[in-house]
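One chain comes next, on its own, written as structure tokens: the form predicted alone.
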Amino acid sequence: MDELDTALLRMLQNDARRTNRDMAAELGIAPSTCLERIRGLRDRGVISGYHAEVDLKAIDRSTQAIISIKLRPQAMAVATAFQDYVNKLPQTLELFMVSGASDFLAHVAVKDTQALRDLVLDLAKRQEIGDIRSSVVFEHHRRTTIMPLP
């Protein structure tokens, strides 16, 4: 990653709909160079996709929570099956397999606290759940531009 790759990465993360010509003009390079550099970033796996950001409030999912889950028994087959199940739930935004007191942290978004309660109670019915706890997210700040560390 050189300075040009880093600049293109920053531009695309800020607005992935910018035209190749616009970015090339801002960077003072030929459009063909710009296009080739972006292709290189994709080919190397630096850019893995382009996504539309959705406002959760606009789709009636304004209540977010982190659900901490401890499994029993702690076997990879159990963890893999549980991970597949939670990833398929429409409420799941992100799922993290972690070390420490919990095995998984699920970031979810639902309509309200009643829907969160229902989700937690449904999860708690699963045989492999040893412990489950939820924390309501009051504020969520996500970095939209991620750059390589120096």
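Quick note: we count residues from 1 along the sequence shown, nothing fancier. A quick note: this is a predicted structure, and the numbers were derived from the prediction, not measured.
Omitted here: the form predicted in complex with another copy of the chain. The next part is about that form.
Taking another copy of the chain as it sits in the model of the complex, is G28 in contact with it (heavy atom to heavy atom, 4.5 Å or less)?
G28: no contact with another copy of the chain in the model of the complex.
Contact label in the model of the complex: R18 to another copy of the chain, heavy atom within 4.5 Å
Yes, contact at 4.5 Å.
With the partner left out of view, is K125 within 4.5 angstroms of another copy of the chain in the model of the complex by any non-hydrogen atom?
Result no; K125 lies far from another copy of the chain in the model of the complex.
4.5 angstroms heavy atom contact with another copy of the chain in the model of the complex for H107:
Within the cut-off, so yes.
Site check D2, C34 and D43: each within 4.5 Å of another copy of the chain in the model of the complex by heavy atom:
No, none of D2, C34 and D43 comes within 4.5 Å of another copy of the chain in the model of the complex.
Along 85-104, which positions have a non-hydrogen atom within 4.5 Å of another copy of the chain in the model of the complex?
Heavy-atom contacts to another copy of the chain in the model of the complex: N87, K88, L89, P90, Q91, T92, L93, E94, L95, F96, M97, V98, S99, G100.
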